[in-house]
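Just the one chain here, the form predicted on its own, laid out as structure tokens.
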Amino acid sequence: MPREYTAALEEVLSLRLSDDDIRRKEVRSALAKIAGLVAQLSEGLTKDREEFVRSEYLRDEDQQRAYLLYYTTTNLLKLWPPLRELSRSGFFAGYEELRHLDLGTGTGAAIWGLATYLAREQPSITTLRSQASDKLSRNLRTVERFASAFKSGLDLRMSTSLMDLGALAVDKGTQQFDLITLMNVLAEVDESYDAEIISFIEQSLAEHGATIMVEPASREVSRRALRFRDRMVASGFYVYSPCCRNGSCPALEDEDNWCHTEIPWQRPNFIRIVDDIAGTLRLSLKATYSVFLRQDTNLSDIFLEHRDFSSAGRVVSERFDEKGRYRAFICNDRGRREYVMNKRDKSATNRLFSKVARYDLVELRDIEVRGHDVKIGSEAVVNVLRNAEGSKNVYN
């Protein structure tokens, strides 16, 4: 967890969160209170989401504090993998100052995720101009306080605007942004507003800008995000990542399917304490995301000499290790298909298939497309181009 984020969190909450401090009785008591609220938030956001969202739960000061400590902490790093993938295109190379708009900011997870990423992995960007937007003034005040407490090598210049995503207005004077983020927003906005949101993005995004959507990984919310993805594509945007296809999402063809990444993280001890008390568990970070561009550019283009959406693919399931074979579902222009390799066919060229993991970006050649699956034979070639974290992945 980035130290500058934790330090700002401690200042805003007036709560010390180091491993030594959380042993103190008064800190444990404060975390126990927060854990009780997290349990309520978790139930509201899963079991009766629509009614809970309508209650505008973050208006309550105690619930907002609990949300900030737990959900913002467990969400901000979910932005790093799509940012790392976007950086492979050279997106950040032309900027010293980045203009950023965060739609539906809440307590600011996308802003802190972007700021910590830039400070660590894009040092050539010295200034981040972030505009936080939300319909709740309480959220914007919290973000302003957090920005004042956030100290890093990055010059973070924060502005805020009251904005209801259900009542957007666009005019010719709309400000242009290099990067627009939507994080845990669509889960709380009715789909009937998607057309207006997309129109707003079209008007607000600079010509060579990018839009990143990150949503929870539950089946219902993930499928809602995938439908938004398809609407963005229909409006003329291209999916840069994670998809290796320009068409509609094949996961939506079967109501039991959805699509999400899962990355490991080092759970802070204060989150572990809240998990233990609240009955929640965040051992990994899961999310459904998409990176949208105006240009027809795909992450796989960077690794392959010529675009080939039948050879490049994204692993969209766990790997199943069975008695005589390995299986995984991979998505590309062929759709969401099951790929199978018999263990007796494992060879020097295809052995990496036995180690692939969810959301690896892979290249597969000399394979056999069959009616019910795709066979990886002994002559097949399998390369892992990038892992779920957006980093180069080398399996031994």
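Because the structure is a prediction, the values reported are computed rather than measured. Note that residue numbering follows the sequence shown and begins at 1.
From this point on, the text means the form predicted in complex with a small molecule, which you will not see here.
Engineer: Please identify, from 101 to 109, 280 to 288, 244 to 252, 263 to 271, the stretch that has a heavy atom within 4.5 Å of the small molecule in the predicted bound form.
Structural biologist: Only one stretch passes the 4.5 Å heavy-atom test: 101 to 109.
Engineer: Of the residues 58, 357, 30, 367, which one places a heavy atom within 4.5 Å of the small molecule in the predicted bound form?
Structural biologist: Checked against the cut-off, the match is 58.
Engineer: Give me the residue from 130, 222, 116, 139 that has a heavy atom within 4.5 Å of the small molecule in the predicted bound form.
Structural biologist: When the small molecule is considered in the predicted bound form, the option within 4.5 Å is 139.
Engineer: With the partner absent here, would 75, 164 and 184 each sit within 4.5 Å of the small molecule in the predicted bound form, counting heavy atoms only?
Structural biologist: Yes, the whole candidate spot contacts the small molecule.
Engineer: State yes or no: in the predicted bound form, is some non-hydrogen atom of residue 189 no more than 4.5 angstroms from a non-hydrogen atom of the small molecule?
Structural biologist: Taking the distances in the predicted bound form, the answer for residue 189 is yes, it comes within 4.5 Å of the small molecule.
Engineer: Taking any heavy atom pair closer than or equal to 4.5 Å as contact, tell me whether residue 85 reaches the small molecule in the predicted bound form.
Structural biologist: Residue 85: no, not in contact with the small molecule in the predicted bound form.
Engineer: Examine residue 157 and determine whether its closest non-hydrogen atom to the small molecule in the predicted bound form is within 4.5 angstroms.
Structural biologist: No, residue 157 is distant from the partner.
Engineer: Contact with the small molecule in the predicted bound form for residue 353, defined as at least one heavy atom pair within 4.5 Å: yes or no?
Structural biologist: The answer is no: residue 353 has no heavy atom within 4.5 Å of the small molecule.
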